[in-house]
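So here's one chain in two forms, each on its own in structure tokens, numbered structure 1 and structure 2.
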Structure 1
């Protein structure tokens, strides 16, 4: 968890320092002492997690300050600490929404400590419920969120069911853009850990020098700049699922430390001595062949066997052509809904154009292509000219080699590509390809190929 920021608003410096010292004994608390109501309001941009205010401040009373705090940040909890014992004042403030009302006496410190613990427990429950509602509301009935009916995808669904029904580690492989994180979330939210955190970490996005502190966390003073304790991602995932995306990018040194965590089910924060027990389900993903990476010496063999668990291989979109038009309609419907516009259709000629392409960027590329086509379309119909393939000329030569075509069809594609490249200069194209110009003229005249 992130540090819990507490503002103590107290004009009595001695009493304020007393509370500050007492609360600072918890290394998770970042405590700030503030001497006036105006200064408190000026510091609200720092987004405190809790504010305690003295009811009798010199520049404004507790009720006035409370109202102004709530106007600026309605969700921040406020605890009133006052020398007044008037029941009516306490009742009025509690009715307004104050978290608690404490009278200054010899028990105030302990009562405040307990009030903060209770508050954090309640906030943790609220955050967990909010997170679950948001996730479950939008996705993870995977039969509707992962779109398709092809045999290859049905095989993936069966593996998700098996993974969700057990605690085995899961390794997801597939090209970039095939939906690896969707599968990871489907496994988590359909398992008995769905009521606990789902924590995703993209290993390729974290600088190498920060990976260890990000995963393991650190204690205050562990290194220069470590001013407070930080909980790592392993701890955040406790009870739930940790998803390590692009695990093939993990440094060998970190791999050995990950192996130990998985074996011992515990960790020690950087700069710490205490062992922290862990209980999480590991799901990993990569676009690399980890078995090959082991042979090359880039990935530890013992870690490979520890994480491989239940392998789920996602097929590239070019092997799911049966699903392509279903995905197209899915992305179009979402686009129209998000932009509050009427339904957009895809013309028959556009469907043919979409089916002819190989999608090296897979589902992610198809989504971009469809959304751009929707923007470019007129009269709520996507025509072939509205469709732009983002991989450029690779469609005409490189990616099409993965498609089964006749020699004549390959010839047409190559000639069309060269005509486009050389501005319909038939003589130059014939020379470049070492074929007769009459062959090109004849294909142009019969409509077998079109000029640029």
Structure 2
């Protein structure tokens, strides 16, 4: 702990030295004796943790010095020590916020000693409370960034809490866009390791040949091109959480290496020979059914049991339609806030339309649908025509047909798609679709569809 700096402002050298001697008995206290009010103010930049002032200083009285100290440093505790027993002065100073008011007598030092101890206890209590509050705040923040009131999501929240409160491994499953990454972060940031690193690695995003060096790191000269030592992601996550996203994509060779790391809790960098201790919580996610992958021989059974830990399954959006409008409001509100525009409403007919769709891209898709609709809307109301479900290319015919749209909406969707594909070449698109070019021009003119 850092030293507790105490200023004793006292012009009576005898008394000042007495207090100095007395307080210096505690080795944690760094005590400075100061002879005048002016000198005290000049020394304030040293940021004392406590100031005791003698009420009867020759250059300014205690009350004046008290005010000036508080002006410069409002939070520093001040104890007044006075030879006067004038109770009104004492009451006034205490009302102004002085920590204590002591009368000089044979008990003063003991009282001062106790007052300082009490003060420090209160301070550490205060610090603890601010810390707790900060923690609570981030917890709260997280549960507001994951939106949902449906029983399915409430169950997920309970699991996040359970996971956060322990060090157990966590496996998150769910279709694409259901919020797996969001949950992984929530587990980490609500855990008592939140002050430590959160390291996310997407197994689908790293070329196979690089996975090992990325995870394990390497020593200088481990292979051609290894010009410097590199710490791997396992090591980076030390003390915190490692999130392995799309773990189902990990190939069998790496799977066995990961299993070893989890068993031994240590690793050796590529080209190295010293063992490095590891201590992280593992969170994995996949949109695949890992148990099926085990049956198919694509995933090691022993690794599966190691990583499964506390499983959290995220329901697809179509199974919790009760959250859909809530999420819509959430994304809309965020959109308006980010773009500094007035609130946008969703008309009842639009609500119906939003609810009728089945969202294969889940919440990620809903989010882009809403943001696009917000862009398209006029007069701060989203009308059904502002809502376009499939913006493009990554959805197959099946999902298009599963979507309940009017024929006109289908037409619009298909034309948009084609225009995009053929760089707004209206003639070509008309030819491909075997429709009149005027149909397309009319839709473009009315704004029913936009060019790319």
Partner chain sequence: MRADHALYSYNYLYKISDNPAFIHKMISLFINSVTEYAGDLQQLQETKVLHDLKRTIHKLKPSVLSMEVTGAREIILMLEEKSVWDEDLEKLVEQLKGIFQQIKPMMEADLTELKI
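Residue numbers count along the first chain shown, from 1. Quantities reported herein were computed from a predicted structural model and do not represent experimental measurements. Rigid core (definition): largest C-alpha set, two forms, superposition within 1.5 Å.
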{"item": "Of the two forms shown alone, the one predicted together with its partner chain", "value": "2"}
{"item": "Large Cα shift (2 Å or above) at residue 244 between structure 1 and structure 2, core-fitted", "value": "no"}
{"item": "Flag for residue 121, CA shift 2 Å or larger between structure 1 and structure 2 after aligning core", "value": "yes"}
{"item": "After fitting the core, residue 369 CA displacement of 2 Å or more between structure 1 and structure 2", "value": "no"}
{"item": "Shift in Å of the C-alpha at residue 74 between structure 1 and structure 2 after core superposition", "value": "31.4"}
